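Next up: a single chain in structure tokens, the form predicted alone.
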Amino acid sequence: MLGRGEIAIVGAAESTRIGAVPEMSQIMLHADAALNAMADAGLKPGDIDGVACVGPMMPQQIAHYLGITPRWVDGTGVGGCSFMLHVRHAAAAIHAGYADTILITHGESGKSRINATPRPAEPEGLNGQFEMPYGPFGPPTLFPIPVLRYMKTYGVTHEDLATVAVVQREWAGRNPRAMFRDPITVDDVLNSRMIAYPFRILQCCLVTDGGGALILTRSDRAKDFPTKPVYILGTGESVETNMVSQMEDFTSSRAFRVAGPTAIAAAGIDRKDVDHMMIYDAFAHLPLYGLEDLGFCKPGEAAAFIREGNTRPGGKLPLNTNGGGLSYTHTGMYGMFALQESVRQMRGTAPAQVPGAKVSVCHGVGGMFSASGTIVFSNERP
């Protein structure tokens, strides 16, 4: 069984630029981030023997492009949280002896669409047969379906949903690399352009270019690297349904309820031990679901928890401290950037650093609540 803190992150970096990067294709963004992470760890391609990434890039493309001969590969693709699953799988692979040093990469030309594969309609799939005929297709029109039931069940208001974006913009204002940094108010959010009820544009994620990469190895090798190691305490993963209309409960994600508590239990921590948290926020309601399904708030109480200032700078549970997908960056698959911020916080190098933070929970979503992955990090080895 994989031990707590047995595996560490020893390299972590994003692409040199994020936002609009029209001069770089998707594989170039992968490579840029990967080379930055290798430089961070003091490694070269020949030191890497495991590779993980998610489509449209395949591990063989990344390995060939970088000159890596891997003994282990992972191309798991479940949407934006695929990278959390890659971390989990890579940790297990290193524990099993399948590889010693694993590189996880991401690169996506979400804004410039350089060499990006268009997202085709899929009439032969379940979504195409049973959801598209009624109009919704894609995140902006599918994600509002469960949140309307959530709002009605718990009395969550439009102002509550707007507050999520306002608080995350406060964090983004402290981050020089954030795409949106100017302060906003609840009224600004509610007066912004409607996208798909109840979401207005300031409650929807950015669309950007960028990449990121992580390097994992055994913790007993951590002293061999120039960076401060970040230890993996616990991991979790799950899936539910790729049709949002078929969720077990519109007010809660079953995949969240499995992945999150699994990781926290494996880490052997109490929720009160968590100093910092990242919850994938493609849309403003996701932090509410994450806080509740991972057990940090009771059902229906997350909106008040955020409204009372608990997740903002100076609050007791700093959340999405890079500005999140709403204000920092969002290439289409945001999970890598959430992981990067957890690593920065544990290293003590984040632009909006949480003083004394020792434990970070990083939680991701894939598709419209169809998948989930959670990683618990610490800068202290158990």
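Just so it is clear, the model here is predicted, and its values are computed rather than measured. Just count from 1 along the sequence shown to find any residue number.
What comes next is about the form predicted together with a small molecule, which is not displayed.
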Do heavy atoms from each of Ile195, Ile201 and His330 fall within 4.5 Å of the small molecule in the predicted complex? yes
Just checking whether Pro139 would be counted as a contact of the small molecule in the predicted complex - the rule being heavy atoms within 4.5 angstroms. yes
In the predicted complex, does Phe250 have a heavy atom within 4.5 Å of the small molecule? no
State yes or no: in the predicted complex, is some non-hydrogen atom of Val207 no more than 4.5 angstroms from a non-hydrogen atom of the small molecule? yes
In the predicted complex, Trp171 touching the small molecule (heavy atom, 4.5 Å): no
Of Val10, Cys362, Met368, Ile18, the only residue with a heavy atom within 4.5 Å of the small molecule in the predicted complex is Met368
Note: the small molecule not shown here; in the predicted complex, the stretch from 241-249, 277-285, 211-219, 258-266 having heavy atoms within 4.5 Å of it is 277-285
